[in-house]
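Heads up, the chain below is alone and in the form predicted alone; it's given as structure tokens.
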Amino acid sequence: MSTVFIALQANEETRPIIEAIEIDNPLAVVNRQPAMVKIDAPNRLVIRKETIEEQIGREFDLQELHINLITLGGNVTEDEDSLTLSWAE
């Protein structure tokens, strides 16, 4: 099993995004630090546009993630509706 991760700045803009990631990834472990939040998940982490929109109450373009993105680990697969981090088997 390999761990994938994403780290975002810790601020008001990312709070609902982090909540959405937690909803869609029940096995994810969220590490909150003063300036950032790092989310680790075994093998795969999915970030869904629809879940983020439900949390923030407006339309969301997944490209907005890049504004608060610090780093990530894993292979990225992205389309208009989701961003997935995974490691090839």
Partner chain sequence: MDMKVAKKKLGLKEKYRLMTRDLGWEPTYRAKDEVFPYVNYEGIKVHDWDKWEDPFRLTMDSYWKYQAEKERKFYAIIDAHAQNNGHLNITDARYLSALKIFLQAISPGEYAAHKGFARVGREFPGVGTQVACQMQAIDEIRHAQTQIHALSNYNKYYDGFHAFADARDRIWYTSVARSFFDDAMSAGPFEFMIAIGFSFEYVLTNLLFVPFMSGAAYNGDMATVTFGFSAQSDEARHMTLGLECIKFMLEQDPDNLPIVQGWLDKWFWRGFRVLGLVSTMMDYMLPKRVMSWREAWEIYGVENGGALFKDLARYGIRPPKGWDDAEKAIDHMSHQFMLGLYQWSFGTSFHSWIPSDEDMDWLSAKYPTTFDKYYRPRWDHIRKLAAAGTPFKNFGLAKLCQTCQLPVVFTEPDDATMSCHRETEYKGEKYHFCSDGCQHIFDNEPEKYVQAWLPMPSLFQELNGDIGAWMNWVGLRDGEDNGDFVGSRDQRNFDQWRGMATSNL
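Positions refer to the first chain, counted from 1. This one's a predicted model, so the numbers in the text were calculated from it and none came from an experiment.
This protein has a second form, the form predicted together with the partner chain, left out of what is shown; the following refers to that one.
> Even though the partner chain is not shown here, does R48 get within 4.5 Å of it in the predicted complex, heavy atoms only?
Replying inline: R48 lies outside the contact set for the partner chain.
> Does the 4.5 Å heavy atom contact test between N68 and the partner chain in the predicted complex come out positive?
Replying inline: The answer is yes: N68 has a heavy atom within 4.5 Å of the partner chain.
>> With the partner left out here, check for me: in the predicted complex, does some heavy atom of L27 sit within 4.5 Å of the partner chain?
In response: No - in the predicted complex, heavy atoms of L27 and the partner chain never come within 4.5 Å of each other.
> Does E54 make contact with the partner chain in the predicted complex, using a 4.5 Å heavy atom cut-off?
Replying inline: Outside the cut-off, so no.
> Which residues in 66-88 have a heavy atom within 4.5 Å of the partner chain in the predicted complex?
Replying inline: Going through 66-88 in order - heavy atoms within 4.5 Å of the partner chain in the predicted complex - the hits are H66, I67, N68, L69, I70, T71, L72, G73, G74, N75, V76, E78, D79, E80, L83, W87, A88.
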